[in-house]
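Read the single chain below, which is given as C-alpha cells and is the form predicted on its own.
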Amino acid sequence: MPNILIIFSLLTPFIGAFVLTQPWLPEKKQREKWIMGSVLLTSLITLALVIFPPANPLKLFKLTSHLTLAFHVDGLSRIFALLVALLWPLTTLYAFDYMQHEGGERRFFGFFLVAYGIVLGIAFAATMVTLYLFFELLTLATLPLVMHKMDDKARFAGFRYLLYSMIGAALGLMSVIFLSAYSDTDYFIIGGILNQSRVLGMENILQGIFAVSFFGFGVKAALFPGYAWLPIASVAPTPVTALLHAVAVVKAGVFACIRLVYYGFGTEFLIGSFAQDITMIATVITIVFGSVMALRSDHFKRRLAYSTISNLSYIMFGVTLMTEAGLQAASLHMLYHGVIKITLFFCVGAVYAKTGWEYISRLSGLGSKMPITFATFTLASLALMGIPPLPGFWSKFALGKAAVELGTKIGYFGLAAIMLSALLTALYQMSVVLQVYFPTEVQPGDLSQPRTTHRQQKSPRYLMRIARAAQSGLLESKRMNLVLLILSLMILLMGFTDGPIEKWFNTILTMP
C-alpha cells in the first residue's frame, strides 16, 4: 500500500469541512450526504492502511536534525486507527438525528470533520514532534465542540478543558525536548529511542522528565489529578461527549502515553524506577476514584464520565506495567472500552434527546418507552462490568494476568483496584437498569412535555412528533436505533471472537 494514502486519509476530512462551509450546500439532505461521504471515504482509506500497512514511513520535512514531521503505520497505529475508523461513521449517523434539535449543525459538523483528520494524524504520527503537533491541534479542534451550546456552562467547560489541556501539553513538551537531546533518531521504535551511552549519569533526571510528561499527556486521559475537565465537558452534545470519552480525546491521551513508554523512553530504561512506581500508583488511585464518583453521581452523563475516568486508568495501569503483556492488555482494553463506552453514551443521548431528562432518578419505568435503547444499555453495561464472554471480561482478565506476572506489590494493588472497580461498576450500571425496568413509586415526568431547547421551540413539527411518540408509548428514532443495534452486534462479535483478536494484537504490536 503506498504511504501517500496516509496524506489522503488526513486531508479528506479537512476538504469535507471546507466544502461544508460553502453556501452552495444549503439543503440539509445535501449536507448530510456530503458529511457522510467524507467520513466514509476517510474510513475506507484508513481501513485500507490498517489492513495493508505501507512498509516505509512518509517523511514530510525536517524541522531540525532531530525533529522530523513524518507518518508511519505500525502495529499500535493500526489498532488506534481501526477504532477511530469504525466508530466515526456510526457517530456521524447518530449525530444527524441528535443535532437536529441542538442547532448550529454546519458549524458542528465542520469541526467534527476536522477533528477526524487530526485524530488520524495522532494515530499515524511516526515521530514525537508529529504526535505533539497533532495532539495540540486536537485541543483546538474539539474546543468549539465542547462549547457548542455557548451558554455559561458550556463556556466554563470549554475554559476548563482548554486550561487543563494547555498545562498538560506544556508538561508533555518536555519529553519532546529531552528525547530529541538524548536520542540518535526521533522515529518511534518499539523498545525506545534513547541512546543508552548518552544517558549515563542522567538516569534520575530523565526518569523524572518521563514522569512529568506522562502526567502531562495523561491529562487528556483524565489521569488523577488532571481529571477534572472531563466530567464538566459532559455538557457538550452527546455525539461530542461520546467521541471525547470513547475515541478521540481520551484515547489520544492514552495513545500518547503508550508511545512515551514503549516507543520513546523504553521499558528497559524505566522499569523498576521511581518513575514507574509514581505513575502506576496514580493509575491505581484513579481506577478506584472514578468508580466511587460514578456511584455517587445521579447525573446520567456525568456518571458515565466518571466511569470513563476509571476505565481509562485500567488502560494506563496496563501501560505502566511496562511489560509486553501489559502493552497487549492495555491495547485490548483501549479497543473494547471504546466500543462499549460510546454505546452507553449513545443510549444516554437518546434519552436526553427524546425526554430532556438528565438525572437517573427520573428514569423510572422508561424501559418500556425506549426498549431498544435500554436493551442496548443493559448489554453494554454487562460488557463494561466484565461479564463473560463479553469483551470487557477478556480485557480485564488480560490486565489482571499481566499484573500478576509483574509480581510487584503495586501490581497486586492494581489488580485489587480492578476487582473493586468491577464491583462498583456493577452497582452503578445495574442500578440504572433496575430503575428503568422495575419502576419505583417515583414516577417519571410527563412524556408529552419533551425538552424544549431554543431550536425545538422553533420547530412545532418536532414537538408534535415527540408528543405523538409519547402517546403511542415509544420514544425512539430509527437512525439512533440502527446505530445502537450495530454497536450491540459489535460488542457481541468482539466477545465471541476475542481469541483471534488477541492473537492479531500479539502479532502486530511488535511489528515496526
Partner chain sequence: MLPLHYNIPAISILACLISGIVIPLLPSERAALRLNLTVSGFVAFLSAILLYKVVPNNEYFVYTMGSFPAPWGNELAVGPLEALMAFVFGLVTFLSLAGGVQTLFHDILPGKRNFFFTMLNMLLASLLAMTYTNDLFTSYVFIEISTLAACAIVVARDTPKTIGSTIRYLALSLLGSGLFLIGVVLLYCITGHLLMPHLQMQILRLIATGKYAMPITLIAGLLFVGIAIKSALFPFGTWLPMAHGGATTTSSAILSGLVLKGYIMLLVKIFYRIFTIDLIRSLHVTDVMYVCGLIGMIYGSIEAYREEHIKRMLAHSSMAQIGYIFMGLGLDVNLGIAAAFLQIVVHAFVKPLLFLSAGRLSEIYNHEKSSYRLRGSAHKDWVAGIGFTLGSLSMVGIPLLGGFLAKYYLIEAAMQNPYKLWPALFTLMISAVMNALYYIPGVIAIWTRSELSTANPVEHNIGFTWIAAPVLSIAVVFLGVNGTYVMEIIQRGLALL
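Computed from a prediction, not measured in an experiment: that's the story for all the values here. Numbering follows the first chain given and starts at 1.
Keep in mind that the form predicted together with its partner chain is missing from the display, and what follows is about it.
Asks: Among the candidate stretches 73 to 81, 146 to 154, 292 to 300, 226 to 234, which one is within 4.5 Å of its partner chain in the predicted bound form when only heavy atoms are counted?
Replies: Selected stretch: 146 to 154.
Asks: Is the gap between L427 and its partner chain in the predicted bound form 4.5 Å or less for some heavy atom pair?
Replies: L427: no contact with its partner chain in the predicted bound form.
Asks: Would you classify F159 as touching its partner chain in the predicted bound form, given a 4.5 Å non-hydrogen atom cut-off?
Replies: Because a heavy atom of F159 falls inside 4.5 Å of its partner chain in the predicted bound form, the answer is yes.
Asks: Can you tell me whether L67 touches its partner chain? I mean in the predicted bound form, with a 4.5 angstroms heavy atom cut-off.
Replies: Residue-level check for L67: yes, a contact with its partner chain.
Asks: I'd like to know whether A181 contacts its partner chain in the predicted bound form, with contact meaning heavy atoms within 4.5 angstroms.
Replies: Yes, contact at 4.5 Å.
Asks: Though its partner chain is not shown, can you say which of A422, I278, I285, L173 has a heavy atom within 4.5 Å of it in the predicted bound form?
Replies: Here the answer is residue option L173.
Asks: Just one of L482, L63, L40, A48 has a heavy atom within 4.5 Å of its partner chain in the predicted bound form. Which one?
Replies: Selected option: L63.
Asks: Assess the spot marked by L335, V339 and I418: is its partner chain within 4.5 Å of a heavy atom from every one of these residues in the predicted bound form?
Replies: None of them does, since no heavy atom lies within 4.5 Å of the partner.
Asks: Which residues in 197 to 229 have a heavy atom within 4.5 Å of its partner chain in the predicted bound form?
Replies: Residues within 4.5 Å: I205, I209.
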